[in-house]
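A lone chain, given as structure tokens: the form predicted alone.
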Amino acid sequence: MRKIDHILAASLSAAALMGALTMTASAMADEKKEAPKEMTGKEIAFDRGKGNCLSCHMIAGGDQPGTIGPPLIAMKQRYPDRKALYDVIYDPRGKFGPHTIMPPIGAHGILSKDELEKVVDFIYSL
């Protein structure tokens, strides 16, 4: 009788484990189905965990802008060549020197190439 109790307990434990694994796999499958929302250039620039441009610059539509950097206005007039703006955002040390406080968000991999392109497009539209 004692052997049957052990077999029964082991079977119940195995069934419970299988049920838990099945539920976990199902939950993980549901998570994979939901693709993360694509962020716009503006959302990336305003996001404190991503571009965080508002911490230093005034940008139309942004709340609580910083005053360390210049306001980001008339960007096409200031940077007629979009590539020049891209280069400054990618790594500002080339234009402003090694002691600039502007982070090299591209050179340091803070943003992906796609995110950086979106931010440049947004800033260039200002």
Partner chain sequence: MKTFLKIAAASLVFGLGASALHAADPATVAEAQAKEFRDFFYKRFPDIKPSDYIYGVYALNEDARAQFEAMNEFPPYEDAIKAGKEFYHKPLANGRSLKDCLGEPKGLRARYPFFDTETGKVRNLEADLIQCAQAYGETKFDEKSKDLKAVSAYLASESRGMKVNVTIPNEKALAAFEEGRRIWYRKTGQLNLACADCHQYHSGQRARSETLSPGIGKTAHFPVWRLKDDGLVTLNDRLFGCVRDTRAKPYKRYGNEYLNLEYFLAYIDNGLEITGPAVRK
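Residue numbers count along the first chain shown, from 1. What you see is a predicted model, and the numbers here were worked out from it, not measured in a lab.
Separately, the form predicted together with the partner chain exists; it is not shown, and the next lines address it.
The candidate spot formed by G61, M75 and K118 is out of contact with the partner chain in the model of the complex: none of the three has a heavy atom within 4.5 Å. In the model of the complex, none of the heavy atoms of D87 sits within 4.5 Å of a heavy atom of the partner chain. In the model of the complex, the partner chain sits within 4.5 Å of a heavy atom belonging to G66. Within this chain, R48 lines the site of the partner chain in the model of the complex, having a heavy atom no more than 4.5 Å away. Taking the partner from the other structure, the partner chain in the model of the complex has no heavy atom within 4.5 Å of any heavy atom of M39. Of the residues in 85 to 117, those that come within 4.5 Å of the partner chain in the model of the complex through at least one heavy atom are, in sequence order, R93, P98, H99, T100, I101, P103, P104, H108, G109, I110.
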